[in-house]
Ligand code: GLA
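Single chain ahead, by itself, as structure tokens, in the form predicted on its own.
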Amino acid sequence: MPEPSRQAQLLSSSVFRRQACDKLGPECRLFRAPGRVNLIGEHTDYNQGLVMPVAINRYTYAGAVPARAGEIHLESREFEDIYTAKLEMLQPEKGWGNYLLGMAAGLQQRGYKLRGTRLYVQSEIPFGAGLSSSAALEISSGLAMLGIAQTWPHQGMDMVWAAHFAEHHFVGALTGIMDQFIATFGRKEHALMLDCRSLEWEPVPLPAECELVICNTGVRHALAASAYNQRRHECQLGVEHFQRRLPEVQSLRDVTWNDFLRWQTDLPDAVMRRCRHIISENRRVEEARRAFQQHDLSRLSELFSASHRSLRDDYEVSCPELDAMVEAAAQAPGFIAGRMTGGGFGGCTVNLVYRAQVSRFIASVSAAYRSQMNHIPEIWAVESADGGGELALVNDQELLIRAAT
């Protein structure tokens, strides 16, 4: 996601509704989709592996009204660029509009007949923090376009694949499907364990005494995009290596831990470590599911720590700021488990914290991080959330009147 011209602010949907009505008129309809935090299973999604994301109550909102037939018009509170395009001639542009233009193209590719739509969007999800502001933008705007077209997703996966199309063909990011999936299918009070190959998933209940706390390092290093594609390339080199020994291998998902131990010796060091992270991370996701189901918070702490070490040492996507934040959290009151989350090279950590000690945890982490890094971090206690849908406002309270799934 490109940097916005104005910083996103946390706001209620009633405030945004008034702003959207000022822009679009009183007939404006309101849609939203959540951001997400990934508890465990990092960089496994594009390796057809296992992930465990949670939708969070930080949203991107899309206001929509009908527009001139065959046209889509895009505006945002965060970005100055305005886009107008023909639905029958959608092409990639420069800037943030590609997320929405690509979503429109992806929906049409999947057989949905869109109508002229004017969209005004705003996000309360921090950009560049690894909380999937881009997928929330795609899903909220896609639902808005379908709502104006007087239709709705025939199945939730249509939204996921349309957003995936937008990322690959309009944005130019070779992402997996995790972010779009959780923005569509998220379930309150649960994480989702998703198999990114079979697309099978199951809800995993979150411990009632725990709260999710996200700590934003406030940095995003410039090498993130190029390093992401480099990691994908190195994983593919690993797949090709194992295929020469094990023809049935189609992705690193197919390589067992014993296979890895047997055939790793001929791999270049960097490729070996990338493979070791992916293969061990898939095992950690399965173990984390059992730990959540068994309410084994001690085991969750071990698994989160092991995941962060693997991301730091084997996948090499951490950075000093993320490591400092993880260390600060581990020493804070109420801490249960924590690690970096998202693509890396900056962004956020995710922490499980005892609910009764969240305030003390936040104060302790903020002070420790400021002392070490000379920066005051943004820290949010967040709740799990449902996936995207259309909203109505009743006495300024949000009511989800139609869910994406």
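None of the values given here were measured: they were computed from a predicted structure. Don't overthink the numbering: it's just position in the shown sequence, from 1.
One more form of this protein should be noted, the form predicted in complex with the ligand, which is absent from this view; the next part is about it.
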property	result
Contact residue in the predicted bound form, from 338, 41, 347, 63 (heavy atom within 4.5 Å of the ligand)	41
Stretch from 203-211, 250-258, 72-80, 177-185 whose residues place a heavy atom within 4.5 Å of the ligand in the predicted bound form	177-185
4.5 Å heavy atom contact, residue 354 and the ligand in the predicted bound form	no
Partner proximity in the predicted bound form: residue 342 to the ligand, non-hydrogen atom cutoff 4.5 Å	yes
The ligand contact at residue 46 in the predicted bound form, heavy atom, 4.5 Å	yes
Contact label in the predicted bound form: residue 228 to the ligand, heavy atom within 4.5 Å	yes
